[in-house]
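To begin, one chain is listed below as structure tokens, in the form predicted alone.
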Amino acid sequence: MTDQGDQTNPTDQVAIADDGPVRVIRFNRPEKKNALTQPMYAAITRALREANDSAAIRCVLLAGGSGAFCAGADIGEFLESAQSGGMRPMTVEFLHALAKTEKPLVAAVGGLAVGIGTTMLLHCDYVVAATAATFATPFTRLGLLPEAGSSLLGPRRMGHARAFALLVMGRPLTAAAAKEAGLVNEVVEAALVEETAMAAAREIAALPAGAVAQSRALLRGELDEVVRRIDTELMVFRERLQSDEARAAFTAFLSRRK
């Protein structure tokens, strides 16, 4: 595996490496359970776009680490966004890049997946999770709403009932429940997560690229619809950040942190 991080990353909190035809994008902020910051969003976005433009890259693997895939958005930046009433620009760029990437996406979920850590998986084509992995989207508890196109992709993938319980009620899913719901393809022991995910990525990369791309496009449906839903969610999200419910939820959260 050849490390490309020094060439492509503005931050060492995202490690990018190409293993033959598979690009590996690894969230590398273990002290914060891989919570994503603006520099991390920028690095991931650039890596996705570069992979999209490269004929040599046939599949992209998203990975975190043992115990944590991604704990969502960095809470400090998130609180600043709530106070300013806006969504930070690299978050928006990342969401669009994630939706628009034409290369198959595989995820290796070694543990905790919260917020965007869960909703980004709805854009993935193959997800491998550790037996102890958990998936949670506590948006409404903060007076907010689901993002990353999850209000569209969640019901499509899991059905309305399961999507409502996860995305609106905020009920977490175990790895087994996520597999039953259709969010996860395989559940394996933690030590085997990345090996299993890489095997799936290599299997995909070995298939005829054109046939894979056209088949994937048909399975995913209208891309414009997904992008429009992301933009609609962002618009409402901005409004929700200024709501009395969100302000009260953030005030309560901050008081618990003191």
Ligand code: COA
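Every value quoted in this text rests on a predicted model; they were computed, and no experiment measured them. Numbering starts at 1 and follows the sequence shown.
Another form, the form predicted together with this ligand, is not on view; read the next lines as being about it.
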Using a 4.5 Å heavy atom cut-off, which stretch among 205-213, 227-235, 44-52, 31-39 contacts this ligand in the predicted complex?
31-39
If we define contact as a non-hydrogen atom of the residue within 4.5 angstroms of the partner, is G143 a contact of this ligand in the predicted complex?
no
Close approach of L112 to this ligand in the predicted complex, 4.5 Å, heavy atom:
yes
So in the predicted complex, is this ligand close enough to P172 to count as touching (4.5 Å, heavy atoms)?
no
Hey, in the predicted complex, does M120 get a heavy atom within 4.5 angstroms of this ligand?
no
Of V92, I75, A176, V168, the only residue with a heavy atom within 4.5 Å of this ligand in the predicted complex is I75
Considering non-hydrogen atoms and a 4.5 Å limit, which listed residue (A71, L183, A108, L98) is close to this ligand in the predicted complex?
A71
Only counting heavy atoms and a 4.5 Å limit, does any residue of 120-145 reach this ligand in the predicted complex, and if so which ones?
P138, F139, L142
